[in-house]
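So this first bit is one chain, no partners, the form predicted alone, shown in structure tokens.
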């Protein structure tokens, strides 16, 4: 761990205590690793599961053992939450249902998880004078203005119609029966409430809008490294298909466009927010990599190539198949066309820019996933048979 660290303005960074809600998840586990390895900060790790951070908690002889505590609780119904927030200088809320298949099939759970369950966190931070970093989503932007232009309109090429800016882009959602937008609406409303708490009650806050953060420990194998039911996010879904040597399913032809950023790059951005409150408070930050933009079809093709390289396996005869969104996600699904983050604000305030190319982040992720899957299969097949 580095000593004598300073912030972007040359001030000495003092150790703080962080209450991290959702610390056991994909993002939380990487952030905990970074905080333990490179900072003097203490973490109160709050989650229902701790599988992804067990390596940070055990054994007790680890050099950071006195700086991380795991608290197993569900923020929906546990009275201990306010006490943990009071003990901390900063609360980071990562808890959410954020799997696209759930937006249609579990819209009530999605809304409760992303809005109702987040209300006490915001309330406790505001009432106790604690700083909050809240994780939202790029989904709050919905569809781009360009999506409503004629397909042959030259304006579709104008960045003003599709690049997403925190302080000026509108949030455009589909109709109410398109329940896919339940997640985005819930996330947008909690953002507005946090912003209002800042304006009326002085809450110190930062809102993070992730644009497809990718890397090791993403849920990707149902029943092994993810839920046994449901459909994961696109990269996790494609990874699962590759591992099982199944065709990658392209929803509605895979024409939607996305950008992807490496988890370790993104965590660097979050650390800057944590340690530079004077520059981060009151801001909403896009955190993505506009240089890593591809269609979902292009992503599938690239992942197939990368997986062949890291696994040594040849591609299957039919690597992709087209499916309808209704068939894949069910009734009520709708989608955004492009998600390209504008990086002006985070670059101006924190000097952050992503570094890792799409090929490199896919290679890192798929190498980890291939190894983990092989180990899981080996473990499952080596169990002794009961006599």
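Residue numbers count along the first chain shown, from 1. Only a predicted model underlies this, so the values are computations on that prediction, with no experimental measurement involved.
In what follows, reference is made to the form predicted together with nicotinamide-adenine-dinucleotide (NAD), a form of this protein that is not presented.
- Contact annotation: residue 135 falls within 4.5 Å of nicotinamide-adenine-dinucleotide (NAD) in the predicted bound form, judged by heavy atom distances.
- Using a 4.5 Å cutoff between non-hydrogen atoms, residue 43 does not count as a contact of nicotinamide-adenine-dinucleotide (NAD) in the predicted bound form.
- Contact annotation for residue 31: none of its heavy atoms lies within 4.5 Å of nicotinamide-adenine-dinucleotide (NAD) in the predicted bound form.
- In the predicted bound form, residue 171 stays away from nicotinamide-adenine-dinucleotide (NAD), with no heavy atom inside 4.5 Å.
- Per the 4.5 Å heavy atom criterion, nicotinamide-adenine-dinucleotide (NAD) in the predicted bound form is contacted by stretch 74-82, the sole one of 123-131, 303-311, 160-168, 74-82.
- Between the options 273, 186, 194, 94, the residue in contact with nicotinamide-adenine-dinucleotide (NAD) in the predicted bound form by a heavy atom within 4.5 angstroms is 94.
- Checked against nicotinamide-adenine-dinucleotide (NAD) in the predicted bound form, the residues 27, 362, 53, 35 give one hit for a heavy atom within 4.5 Å, which is 27.
- Applying a 4.5 Å heavy atom cutoff to nicotinamide-adenine-dinucleotide (NAD) in the predicted bound form picks out no residue from 342-363.
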